[in-house]
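This document starts with one chain, in the form predicted alone, laid out as structure tokens.
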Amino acid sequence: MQKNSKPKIAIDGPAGAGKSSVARKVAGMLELKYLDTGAMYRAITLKVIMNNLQLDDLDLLNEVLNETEIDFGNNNQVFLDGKDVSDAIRQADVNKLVSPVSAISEVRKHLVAMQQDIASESNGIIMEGRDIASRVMPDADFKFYLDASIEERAKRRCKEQLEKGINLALDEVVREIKNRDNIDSQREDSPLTIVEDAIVIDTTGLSFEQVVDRVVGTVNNELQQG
């Protein structure tokens, strides 16, 4: 890391491991730009649904990708072609389709290029997803992998949705997460993986504050020593 520059932090992990909430909090504490790459894949998935696109129609999909704009607001709102879709991309229909859409190589190449451009233009960034350390920012100064048991992740997802007034059955969410894990870890293009130099944090049984403290503490200790 160059002198006077802020760190680049990669956080990877499976669905429901707490990546987004932890990354947002850490970004605020360390005064870093925050990028939720999962929201970008969700935005594309929403557009696929809105346009009734077939996932095997790659020519049309590429057209749509090239015409799509994804932006983020000051409060982490997600804008798809100028429209705030922050809530829409978290709905059940997007949850069910986001992993298959994310597994399409054309989609990944397009979004990875966007993410790398954002990272290169930023003095300090924390980016979270599933292939950040392995593909998007392999040169990140810090690489974390957040994990948790499937049951713990399912409970968190149910609680998160209940706070929005959506009551989900726990066993249904468990099945959905298992399916997403399977797709994410077995896809040919940039599968979910733990890089050798990643710091793995099992968040099962840990509070949100404990996870944040561990990430921030690791970064600050390293920066102070450097």
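Computed from a predicted model, the values in this text were never measured in an experiment. Quick note: we count residues from 1 along the sequence shown, nothing fancier.
Form predicted in complex with a small molecule: not shown, discussed below.
Using a 4.5 Å cut-off to the small molecule in the predicted bound form, not one of K33, K143 and R214 places a heavy atom inside that distance. Contact with the small molecule in the predicted bound form, defined as any heavy atom within 4.5 Å, is confined among 148-156, 98-106, 73-81, 118-126 to 98-106. The shortest heavy atom separation between R90 and the small molecule in the predicted bound form is within 4.5 Å. In the predicted bound form, the small molecule lies farther than 4.5 Å from every heavy atom of K47.
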